[in-house]
Ligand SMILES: NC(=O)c1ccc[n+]([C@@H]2O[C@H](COP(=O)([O-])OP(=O)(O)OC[C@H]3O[C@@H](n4cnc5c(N)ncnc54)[C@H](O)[C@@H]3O)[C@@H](O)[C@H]2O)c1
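Before any questions on how it binds or moves, here is one chain, the form predicted alone, in structure tokens.
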């Protein structure tokens, strides 16, 4: 099968793992990288033996590049996706698809108009841990899915991140930062969501950075930092999700799925591996389930691999634009429901991604 040639735009910290994808996965060939700061692109190209360090304009003009991986900051996601699609490239973007729901819809419509593939992170739901959970559910190990919970409990980023201000500005907050991992995993395991509601709050209106190099600087908090949402799935299951930057300690699980005949403890959706635990009704013990699928180490880029195969075999890819837009609307919907004191009915939907074959 002919390799798919890929260019990366955005050479920040997250680009390192994506640059390695060309060595890990045969179908991908990383041929170029670009950044607004050309020196960063040049450094990444040298570090990972990428043939070309480009300006953004040069990368978009290169006719051999089929897929652009957009790793820019969230505020630039929609703009860079639009430019890449206009240049005739398929696009895979880091989460979220866009800051605003309207921009996300425009990007998806443009991809449809151009007959180009659009997809995006997270692809952790394709890892061995969550795919093992998916197989258990599909095989009937817990019967009918009744409910689910997801908890991302954290004290925030100002104690360790070198430049944490973004996490408390528009486009940030715990839901937009970590919610995509949880919501994408839940949609993969249960299916699309029809309605949400929620409550949000800002606990500390100002935060003090205690990490280097900006120790002592103050951050004005512009977005909710503790969000509780209720998710009504199309199939009747009910989910509860909490994302927080206000919790100093917690023993809550990441995700649990409750079925009519059993419960599954799902691993951290920000990782690719296990453990996966199952408890059948009537049993006194939890059973650790051996992982059935590959990609248990940090395999960011597997979503791009799936897109690349879909280009060659004509099938749909799993981390697709409909899924990323649906996740974006769920997050906006929870915030809007809290602000307006009502349920929010989703206008978007998506298909539950196909389970990954064991030997993918």
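What you see is a predicted model, and the numbers here were worked out from it, not measured in a lab. Numbering follows the first chain given and starts at 1.
Omitted here: the form predicted in complex with the ligand. The next part is about that form.
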- Go through 76, 247, 141, 230 and name the one with a heavy atom inside 4.5 Å of the ligand in the predicted complex. 76
- Task: For the three residues 10, 13 and 35, verify that every one has a non-hydrogen atom within 4.5 Å of the ligand in the predicted complex; reply yes or no.
- Result: yes
- Query: In terms of non-hydrogen atoms within 4.5 angstroms, which of the given stretches 190-198, 68-76, 283-291, 130-138 touches the ligand in the predicted complex?
  - Reply: 68-76
- May I ask you to check whether residue 94 falls inside a 4.5 Å heavy atom distance of the ligand in the predicted complex? yes
- Is residue 50 close to the ligand in the predicted complex, meaning a heavy atom pair under 4.5 Å apart or at it? no
- Should residue 56 be counted as a contact of the ligand in the predicted complex, where contact means heavy atoms within 4.5 Å? yes
- Message: If we define contact as a non-hydrogen atom of the residue within 4.5 angstroms of the partner, is residue 40 a contact of the ligand in the predicted complex?
- Response: yes
- Even though the chain is shown alone, can you say which residues of 294-320 have a heavy atom within 4.5 Å of the ligand in the predicted complex? 300
